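Just one chain is shown here, as structure tokens, and it is the form predicted on its own.
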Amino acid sequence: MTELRRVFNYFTNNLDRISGYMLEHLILIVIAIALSIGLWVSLGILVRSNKKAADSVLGLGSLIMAIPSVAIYGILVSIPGLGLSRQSAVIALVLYSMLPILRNVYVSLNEVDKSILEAAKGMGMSDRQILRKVQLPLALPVILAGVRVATVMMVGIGTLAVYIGERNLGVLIEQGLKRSRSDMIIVGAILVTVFVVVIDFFIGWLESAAVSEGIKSDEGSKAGGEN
């Protein structure tokens, strides 16, 4: 009970500071995921019909994922013009989001039923119209699933950005370890966990709201047929 009281007291006594850390964490994630969606969805669309190019960029994404985040931060801060800055943190998060988003875009676009594409061509649609009106809407659930994975991952990796100058929830954990303050560590860990759960829930809700009822019905029918 004493430890719980210490944790509660630290949280209530430092609420303004903690709120600031949460806001900074949110801003970092929003900037990074917005850039990631624009960059990796566009790249996925560009390589969707080129397996060799897709294999190359997906291989690069896998390589980046294999590199520890601290090492990526270290490489970025050594680049002139970046250094200890938010730019370095954002670039690192964007790089880590490459594989889950790009892979889902590429796979989902290429798994659209060929008969549907042929029917669209038979209606006189151009390749661009087919992409915009047929492929992307059908691929949207899988694309959003990739965005969901990438965003949740960013929240955790973003805490380590404290070592390159970010002042987010990672500060609580980092300073708690330095000072042997378990109350700071616990508060930081709990808030990061809550952050992940809330963001995951929000993107799940967004995914449900963005996907048309027709696609949901088709997916339900397929699931029923498999069972």
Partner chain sequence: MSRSKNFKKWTVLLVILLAATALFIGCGEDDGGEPTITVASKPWTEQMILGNMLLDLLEHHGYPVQDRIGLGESDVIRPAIYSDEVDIYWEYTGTTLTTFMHHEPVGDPDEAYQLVKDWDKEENDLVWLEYSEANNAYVLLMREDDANEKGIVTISDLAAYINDNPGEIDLGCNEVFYEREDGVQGIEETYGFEFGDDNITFLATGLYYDALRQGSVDVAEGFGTDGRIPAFDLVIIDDDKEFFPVYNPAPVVRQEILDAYPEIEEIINELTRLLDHETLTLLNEEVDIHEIEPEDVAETFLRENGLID
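Positions refer to the first chain, counted from 1. Everything numeric here is computed off the predicted structure, so don't read it as measured data.
A second form of this protein, the form predicted together with the partner chain, is not displayed here; the remarks below concern that form.
For the candidate set A139, L102, A150, V90, a heavy atom within 4.5 Å of the partner chain in the predicted complex is found for exactly one residue, namely V90. A residue is said to contact a partner when one of its heavy atoms sits within 4.5 Å of a partner heavy atom; R179 meets this definition for the partner chain in the predicted complex. Proximity of I27 to the partner chain in the predicted complex falls outside the 4.5 Å heavy atom cutoff. With a 4.5 Å cutoff on heavy atoms, L131 counts as touching the partner chain in the predicted complex. At a distance threshold of 4.5 angstroms between non-hydrogen atoms, Y10 is in contact with the partner chain in the predicted complex. Contacts between stretch 20 to 57 and the partner chain, counted in the predicted complex as any heavy atom lying within 4.5 Å, involve Y21, I31, L35, G38, L39, S42, L43, I45, L46, R48, S49, listed in sequence order.
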